[in-house]
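Before any questions on how it binds or moves, here is one chain, the form predicted on its own, in structure tokens.
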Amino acid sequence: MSRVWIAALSGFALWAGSTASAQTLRIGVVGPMAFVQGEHTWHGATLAAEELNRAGGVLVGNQRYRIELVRVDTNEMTSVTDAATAVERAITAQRVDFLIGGFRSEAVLAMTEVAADYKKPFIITGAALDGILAGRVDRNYERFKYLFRVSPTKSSDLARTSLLLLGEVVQAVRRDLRIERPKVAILAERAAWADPLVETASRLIAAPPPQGYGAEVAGTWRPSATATDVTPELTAIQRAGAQVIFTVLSGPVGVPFGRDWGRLKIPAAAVGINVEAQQETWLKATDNLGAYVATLNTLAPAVAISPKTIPFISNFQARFKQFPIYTASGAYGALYILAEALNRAGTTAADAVVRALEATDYTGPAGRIVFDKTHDVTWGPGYTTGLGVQWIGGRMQAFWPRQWRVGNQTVSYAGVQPYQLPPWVVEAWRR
């Protein structure tokens, strides 16, 4: 806990007995609440709000504020218009002071236009598209300075991390199957955030080492983010002779992918991004057919990225009986970051809070968060990078970073185990 925050809480004993006089900060928590991505945004914010309120609330100047969360269901999976309308209603009718959350990039673009119109600080916790911040905050600062992102890392950084995971699997194919030039299929949902990942993956998969992987692109398939059946895409991938499937999936399509992939025993290892596979309900959701799927994740059981990681996971599971996905840790961290900024600003005035947010240096469950010049979360060793996880033996297990070398730094966490190819893939291709 920072010295600033300790100072913020130092008056708790005097305040605790007089909560009736406390003022209220209304925080709009926005997301698709009918889906796990929104549900976990709400859960993460709820956990942080409960902790902050129990500790005495937020000290702003000489006033203490109790946090009140306002649940804003954006329906953003299916309607960008609904999402923008929900945010405007939260600002004008529900009178929220600040906003956190958002998931679907196309919808978040629309929602942040509304937030900018009303000069409401909005900390994004779920949408990855680079252009939500880059090209807006840096080129039109006065209009878009109210926007920040704590999670996930932007699409181009997600591409870096997920391609590092892909590199682990390509090396496993070379080592265990003795295939020098593996074929990699790209399976990416039709969404704006996925476009740069597809472009970057297509280029690096085929590029020679050390810049690329020296592999072959077997083809690219783009199902809907809400597709309920990906059998046609998977059978086409099998016909293309791929040994690896690079997934770029954030929506509900991740579940039918895992179920169909395991049911058909597609002889290609699945790795990349699959948000549905980040949940502990993954195996049950896929009828136990999603074993061996690997995905980028923010957290993994028993892997301590920072001193706050394990306590956050334990408290979240005790409170909600689920393992937190990235929108949960993002919303949790966002509320603490906002509380610290309010304390530093000494006022709830939006422009002063923006300046305080720009000075953020906060270590949360997923790592250290420092904003860059576009108000985006910094990626890399010493900041936030994410984890690679795989479903092995009925549980989620981390396989990256494991002795990851960047310059003179080595990044590794206790509990990270080697990646394993699915046994039916080994059986199909071993020579």
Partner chain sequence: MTSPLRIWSLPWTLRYLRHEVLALPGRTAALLFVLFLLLFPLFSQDPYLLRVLTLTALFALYAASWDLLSGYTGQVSLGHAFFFGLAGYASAILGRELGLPPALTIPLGALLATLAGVLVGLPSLRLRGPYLSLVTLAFPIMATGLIFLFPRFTGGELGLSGLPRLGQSRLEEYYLVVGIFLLSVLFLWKLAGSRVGLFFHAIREDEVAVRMVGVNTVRYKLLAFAVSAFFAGLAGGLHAHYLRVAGPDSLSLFNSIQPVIWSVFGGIATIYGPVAGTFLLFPFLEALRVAEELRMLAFALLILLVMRFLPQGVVRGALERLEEECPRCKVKNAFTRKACRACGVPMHLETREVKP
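Fair warning: this is a prediction, and the values are worked out from it, not measured in the lab. Positions refer to the first chain, counted from 1.
Form predicted in complex with the partner chain: not shown, discussed below.
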*in the model of the complex, do Asp73, Arg89 and Leu129 all put a heavy atom within 4.5 Å of the partner chain?*
yes
*Please run the contact check for Glu142 against the partner chain in the model of the complex: heavy atoms, 4.5 angstroms, yes or no?*
no
*Are any of the heavy atoms in Trp193 no more than 4.5 Å from a heavy atom of the partner chain in the model of the complex?*
yes
*Interface membership of Tyr118, the partner chain in the model of the complex, 4.5 Å heavy atom rule*: yes
*Indicate whether the partner chain has at least one heavy atom within 4.5 Å of a heavy atom of Thr81 in the model of the complex.*
yes
*Please pick, from Ser105, Thr360, Thr161, Gln279, the one residue with any non-hydrogen atom lying within 4.5 angstroms of the partner chain in the model of the complex.*
Ser105
*Which one, Ala350, Val217, Leu289, Leu109, lies within 4.5 Å of the partner chain in the model of the complex by heavy atoms?*
Leu109
*In terms of non-hydrogen atoms within 4.5 angstroms, which of the given stretches 89-97, 240-248, 331-339, 262-270 touches the partner chain in the model of the complex?*
89-97
